[in-house]
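The chain below stands alone and is given in structure tokens; this is the form predicted alone.
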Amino acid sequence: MYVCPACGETYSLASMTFRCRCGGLLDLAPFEPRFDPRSSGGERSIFRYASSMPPFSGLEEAWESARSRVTMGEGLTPTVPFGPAEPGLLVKVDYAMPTLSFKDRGAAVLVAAALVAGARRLIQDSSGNAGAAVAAYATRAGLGCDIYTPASTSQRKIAQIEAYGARAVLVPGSREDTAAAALEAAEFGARDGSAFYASHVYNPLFYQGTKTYVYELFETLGGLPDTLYAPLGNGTLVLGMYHALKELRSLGLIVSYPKLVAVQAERCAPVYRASVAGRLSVDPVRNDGTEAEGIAIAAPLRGSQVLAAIRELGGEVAIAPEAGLSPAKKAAAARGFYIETTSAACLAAYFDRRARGVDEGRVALPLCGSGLKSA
């Protein structure tokens, strides 16, 4: 079930609801994961961890059928050493996905849930990668799809969205203007029961997909590294990692959390500012323009929730220096990894911290998007 933390109202996972009647954001009601990633079965996709996801009570057959219908073998991406000059650094090549970004993890789960809910059309807002992922899985499921995206988004990302048959709705202005336009369309669609808002921010099922990133690391490595880096814009990967780490510990598979380092762009860092100021809430900031467009979220809707999750795990928020983005991208290419600029943010932060003498032991970080997506 979905549950509203503000008022306690609950909603079925098979509903079109994307926020509470009181206006609050929805989370998932507590449930008990029943799985062990050391023996997760033979399915070659993120759904090898399906038993770690919330149950669609009374709709188990529909949920299993929907998963089988949408999956394209997403997940199970390589985890490899970055290079001999950085012996303690592992990278997870998460752009080795059907749509060339890690957003496939969450999109597969959301689109499967939309099928169970009886949706005919999906609405989503994105700076590019999440939109492409939702568009791809929507067309595979036979659903219509409208993707709202900033007009400034890379033409390559827009072309990819349209190639799947989705309608790309280009919105002038900021990323927040795009979200507002999509929300208006989603509210109208929810009222007439035609549209499912496949939002990677509003719908907490998305994080049930992104949490598989951690399960795969655990399964591949036989444990977890000392430090995990994650890019932080809206927090889709950070929240997924939070849930996975909590579950691994509750199952007795880890005794302590690795250090989580969430990375924001230097010129758009609302969660970082709140963290260093010791605040409990995250206030909007001005986006001063950054090459890391995928994490340039000036007013993250779940910002305070993300900040609380990081603090609960004993993690921290770090900055990716703007001047370090291009060198980090080139360093990755010199080792055979062709990544988009946003994906270089974690590398830039790692190099900056290492140069300042921060010792983080064995580190893993994601390469989230292919360089083919960059402008």
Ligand SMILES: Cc1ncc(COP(=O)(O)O)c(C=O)c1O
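In this text, residue numbers run from 1 along the sequence as written. Because the structure is predicted, anything quoted here is derived from the model rather than measured.
The same protein also has a form predicted together with this ligand, omitted here; what follows describes it.
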Partner contact for Arg105 in the model of the complex: this ligand, 4.5 angstroms, heavy atom: no
Fill in: Contact test in the model of the complex: Thr212 vs this ligand, heavy atoms, 4.5 Å
no
- Can you check whether Ala166 is within 4.5 Å of this ligand in the model of the complex, heavy atom basis? no
Given that the partner is absent here, does Leu237 sit within 4.5 Å of this ligand in the model of the complex, heavy atoms only?
-> yes
Which of 324-332, 27-35, 52-60, 339-347 lies within 4.5 Å of this ligand in the model of the complex, heavy atoms considered? The stretch 339-347
Residues in 120-148 that come within 4.5 Å of this ligand in the model of the complex by at least one heavy atom, in order, are Ser127, Asn129
